[in-house]
Ligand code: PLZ
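Encoded as C-alpha cells, the following chain is the form predicted alone, with no partner shown.
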Amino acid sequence: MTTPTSPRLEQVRRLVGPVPGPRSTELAARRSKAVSSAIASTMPVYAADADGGVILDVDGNTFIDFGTGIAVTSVGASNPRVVAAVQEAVTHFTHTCFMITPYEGYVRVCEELAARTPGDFAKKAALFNSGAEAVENAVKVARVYTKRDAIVVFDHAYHGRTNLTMAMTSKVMPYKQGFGPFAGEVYRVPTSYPFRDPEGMTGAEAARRALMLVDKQVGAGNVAAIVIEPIMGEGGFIVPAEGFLAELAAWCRANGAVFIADEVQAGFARTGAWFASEHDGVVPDVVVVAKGLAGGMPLSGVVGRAEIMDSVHPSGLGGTYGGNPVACAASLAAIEAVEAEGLIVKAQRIEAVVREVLADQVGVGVLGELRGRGAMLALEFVVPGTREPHPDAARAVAQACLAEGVLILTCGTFGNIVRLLPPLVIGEDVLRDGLGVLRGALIAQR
C-alpha cells in the first residue's frame, strides 16, 4: 500500500457567503431557460472543483461531500491516478468503437472484472455505459442462456430508468410515474428488510416467503433470473438478514435460473469488500457493475460465468460507446487506486467512525436505525416511538446539513432515509467534522 497523494484542495468545510451564492443563483436562472425542468438537483449550488472529501462551489464555498455523485467518485472526484490515465488516453484516441477496432484497455478491464468478482470459475465480461444499460444486458443474457422469460425482482429495488429497468424498479415517484407501459415478464416479491419484517424473521424465512410466491405465481421453470442488489441502494440501503441471499442463490442453482447481483452502487470497495456479495459468502452467476468502476467516467459492465456470457450470438451485445477507451483507462486507474491506497480498509474505518459518532443517537427521537456496511450507510427516520416512516425528518436533517456545508442525500421507498456515501479517500478529520454537523442536526430533530 502506498501513501495517498495529498489533495489539491484544502480539506476543510468553509462557507464564505450565502448558500446559494450570487454565481450559483445566476447559473440557476440560466439553467431554468436552457435545461429541462425534468432534471432535478439535490444541491442549489454549482460545482467549480472537487477533490478528496470536499466540493468547491462557484462562489467559493467548500462543502464536505457525503454523496460522491451517488457512490461514483469513491477514489475521489479528481484522483491523480485517474486524471493521469485519462490525460494519457485522450492523447491517443477518444473513440474507435470496440465493435469495429478493438483495443487493449477494454480487454484489461474485463480481465480485472473476472479476477475480482466472486467465484473461482472461468468468467467473461462485456462493457457498457450506465448501470441501467448493464442491468438490461444482464437480463438479455439470462434469457438467452435459460431460454426463459420471467425475471424476479424485489420490493424496494432500484435498477435504473430504461423501460425494462423501470419495470424492475419498485418506487413509482419519481422514476416510473407516467412512463408506462413497462416491459413485461417482471415479477416482484418481498425482500428481507430486518427493520420492518416481523420480529425475529430470519434471512432464510424471508427468502422462503419470497420463493413461495415465485413458485406459486410465476413457476420455477419459467424464471430466467433472480436480480437483486446485495445491499439495496435507492430503496433505502437495506442490508438483508443473514442467509437471505444464500437461499436465493441456492434456489437458482436448484431450478436452473441465473442469480444476478446488481452491484452497481455497492461494488468496488464501497462496502469494505470488493463486492457486497462477499459479506454474505454468496457467489453470483452474473455481477452487474458501474458507478465506482471508473472513477467518475461513464462505464459499466456485466461479468459472469463464461458459459452464460458466451450463450448470446456474436454481435448480440454491444453499443457504440460501450467500453469507451478513455473510460477504460480511468477504470484501470481507479482499480489501482483502491489497491494502492488501501481503500477497502479505509471503507471499513469509515463505518467504524460513523458508528462511533452516531451510536448514541440510534433509537432516540426520530432516528430508528443506523445500518449498512463500509462507506454505504443509512439512517432511517421514524415517528418517535413507532416504525412509521418520517420523511419530513429526513428532509429536515439533509437541509440542516446543507446549510452548514455538508452534502448528504436522502433516499428510500418512503423518502425517510438519509444515506452516507463519503469518498473512500476522505480524511478522518473531514469525516468527523461532517458527522459532527449531522449529529447536531439529529439532536435538533428530537
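Note that residue numbering follows the sequence shown and begins at 1. All values derive from a computational prediction rather than experimental measurement.
Not on display, but discussed next: the form predicted together with the ligand.
- The ligand in the predicted complex is approached by residue 70, whose closest heavy atom lies within 4.5 angstroms of it.
- The ligand in the predicted complex comes within 4.5 Å of no heavy atom belonging to residue 276.
- Heavy atoms of residue 270 never reach within 4.5 Å of the ligand in the predicted complex, leaving it off the interface.
- Shown alone here, residue 265 lies within 4.5 Å of the ligand in the predicted complex, counting heavy atoms only.
- None of 211, 132, 141, 126 but one reaches within 4.5 angstroms of the ligand in the predicted complex through a heavy atom, and that residue is 132.
- Just one of 175, 103, 321, 182 comes within 4.5 Å of the ligand in the predicted complex, counting any heavy atom, and that one is 175.
- Residues placing heavy atoms within 4.5 Å of the ligand in the predicted complex fall in a single listed stretch, namely 226-234, out of 226-234, 108-116, 189-197, 351-359.
- If you take 152-175 and check each residue for a heavy atom within 4.5 Å of the ligand in the predicted complex, you get 158, 159, 160, 161, 175, in sequence order.
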